[in-house]
Structure formats: C-alpha cells, structure tokens
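Single chain ahead, by itself, as structure tokens, in the form predicted on its own.
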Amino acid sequence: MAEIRLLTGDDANEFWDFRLEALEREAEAFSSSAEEHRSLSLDEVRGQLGADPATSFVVGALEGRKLLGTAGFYREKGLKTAHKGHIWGVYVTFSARGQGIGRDILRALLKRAASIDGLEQIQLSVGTTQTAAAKLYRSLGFEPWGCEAKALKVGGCYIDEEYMVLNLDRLRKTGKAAR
C-alpha cells in the first residue's frame, strides 16, 4: 500500500530522479524536457518542493522512499487570475500503473486544492496521445474546453493538447472528486 503525501525538500533527490524518468520515458506527455530538467540542481528542486506549500505543492505516492507517482499543483499569483490553479507533472511509474495510484494522488491533490480560499477552478492540459490520463481526468470531473493543435514538438512529431477544467464548487459540495 502506497503512502500518499506532500513531498518536501527532503524528497528532492527522489523527486529529481523520478521526474527525469518521467521526462525520458514519456517525452510526449510533458511540455518540459529531460534536457531542461538535467540543468536543475538539487537545491533548486528542494526550493521548488518547499517554496509555498499552501499554494504550490507536489503530491507523491511512495513505498518507503521510492516514488511511484507524482502530481504537482500551483495557484496563479495575479490579482485577476488567483482564482485559478493548475495541475502539472502527473506521472505514475510503469510498474505501479493500473493500481489506482494516479487516482489516489489526484484525489489528495484536489482535496488540498479545494481547501484553498478563493480558488475556484483547476486547469490542466493533456496530450491527445495520453488517452488513459484523459480518461482519468474526465472520471474526476474535469471537462474539456479546448484543444491546441501542435502544442508540443517532440523530435519531428507534433502533439496536440486538450485543455480541461474542474469547477471546484461541485467538489466542495460533495467533498470528493468524481469516481
């Protein structure tokens, strides 16, 4: 049984390695690249994980110290955009897929995000090649609102991205994300 919790600066080593795995194995799923990630120091990652846990955090699933999955969240900072938050970096390692870990991570993230005062919606984007991820997001209540053609270029291939949003009013009323 995986432990689902917020990652802290103490998890920087594991997160750095895990994020590199995600970017190398699923390059078409992320707007960041493995090359960009390799340029980050552990101190930078440690700072990101502990910067502002009230409005910017990463939820992880761990077995001991081994990361099985992660999902990041940040709230926009502008006066006119602070009602919005974003999910990023959702990844479950191949050996842990199909066990509900991605759903558990996202439910924990959504529960925490729903407690943020003034936050009204959460957005994410998903590559149209990532059908399992899109299905999971829809099952949690996310609704598509647009698609960007050629949003990512990986090697010589283009990937479209679907944009999705979750209105937090429904989540707050029920106290849980959809099944």
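Given the structure is predicted, the values throughout are model-derived calculations rather than measurements. We number the residues from 1 along the sequence you see.
Just so it is clear, the following notes concern the form predicted together with a small molecule, a form of the same protein that is not shown.
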With a 4.5 Å heavy atom cut-off to the small molecule in the predicted complex, the contacting stretch among 47-55, 33-41, 118-126, 145-153 is 118-126
*asked:* Whether R103 contacts the small molecule in the predicted complex should be assessed with a 4.5 Å heavy atom distance threshold; does it?
replied: yes
Exercise. Find out whether any non-hydrogen atom of K135 is located within 4.5 angstroms of the small molecule in the predicted complex, and reply yes or no.
Key: yes
Considering only heavy atoms, tell me if A114 and the small molecule come within 4.5 Å of each other in the predicted complex.
no
Does any part of G78 reach within 4.5 Å of the small molecule in the predicted complex? Heavy atoms only, please. no
Suppose contact means a heavy atom within 4.5 Å; in the predicted complex, does that hold for all of A2, F15 and K66 with the small molecule?
no
